[in-house]
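Only one chain comes next, encoded as structure tokens, the form predicted on its own.
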């Protein structure tokens, strides 16, 4: 096991990390109460692995939400605040989120805001949450189909990343985590980027090493830019302008009226994708398209762009595409934007900083068309 320090909660990573959770809980002053936040899947598959780490004499309550991004909404946060109040929860009690990125984002937000902050820890159970969502202090909920539109930074008292949970995941969930790992490897460059493409998703014996590399890289960026203000941490948004739009339109039954409410002068139509996407699947498509834009601008060398896009194509199938008009409307409300400009974190060479730049609708449309023609 290794501990990766960052201002928003140290991440303990490796086989046996759950024992570190138990050790930390024993340091929490009595009286101790633990509230586990789970979804219906992690309640069944994962909680039994975590519960034994709770010290004797510590009362436990389980708060369960439905699985899926639809639970990451203000209404669900309100329900959880009310549940905590009904249980008489105090600030010194502990909320532990056990789940993927939706659960850790929601759990961090609820912990940060209930009585102005209660003790919080995360046990990420999906590969994507292990390497990205649970590390770095960001928490939040979606609003009217917009990803993470309401949220805050909140320090976890520990993030406990144990690869044992990968054994509980469907293969699609494991594969989805590779989008963020590919992104981290490219941004890190060097040996990290040179080795990421050598391993198949199924090679479990390599996963701990690759998870360590991803968490270490993200922790370094978070340390340099804790509140995402200086631009250093913006690199982590590569692929996410397009990715969040794809994900939002897939998870939300977005009506023409809702889109027009977001942008009154828009000519957008719904064009919602026929089935929900996993975050990693949407980000993978976003990486591919935003790489196309970066290469067309002369920012990303052609050889590097081709290597990245080839790796994405090797791991990911084509995602269902909504209309470009609908996606552009959602992108106009991305958190990175300034005034009316849509901005992307455009890649350069491996290991180099990104260029946070305004992009045009025409550039996005060209990338959209290229993606559709390539992924057939």
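We call the rigid core the largest set of C-alpha positions that still match within 1.5 Å between the two forms. Numbering follows the first chain given and starts at 1. Quick caveat, the model's predicted, so the values are computed rather than measured.
Not on display, but discussed next: the form predicted in complex with a small molecule.
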Only one of 78 to 86, 207 to 215, 122 to 130, 186 to 194 sits within 4.5 Å of the small molecule in the model of the complex by heavy atom distance, namely 122 to 130
Picking from 110, 181, 238, 103, the single residue whose non-hydrogen atoms come within 4.5 angstroms of the small molecule in the model of the complex is 103
From 319, 326, 342, 46: within 4.5 Å of the small molecule in the model of the complex by heavy atoms is 46
| query | Any chance 41, 138 and 165 all have a heavy atom within 4.5 Å of the small molecule in the model of the complex? | reply | yes
Q) residue 307: heavy atom within 4.5 Å of the small molecule in the model of the complex? A) no
- prompt: Does residue 298 reach the small molecule in the model of the complex if we count a contact as any heavy atom within 4.5 Å?
  reply: no
message: Check residue 53 for me: does it contact the small molecule in the model of the complex (non-hydrogen atoms, 4.5 angstroms)?
response: no
- request: May I ask you to check whether residue 334 falls inside a 4.5 Å heavy atom distance of the small molecule in the model of the complex?
  value: no
State yes or no: after fitting on the rigid core, is the Cα displacement of residue 240 between the shown form and the other one at least 2 Å? yes
With both forms fitted on the core, check whether the Cα of residue 122 differs by 2 Å or more between the shown form and the other one.
no
Relative to the superposed rigid core, does the CA atom of residue 283 travel 2 Å or more between the shown form and the other one? yes
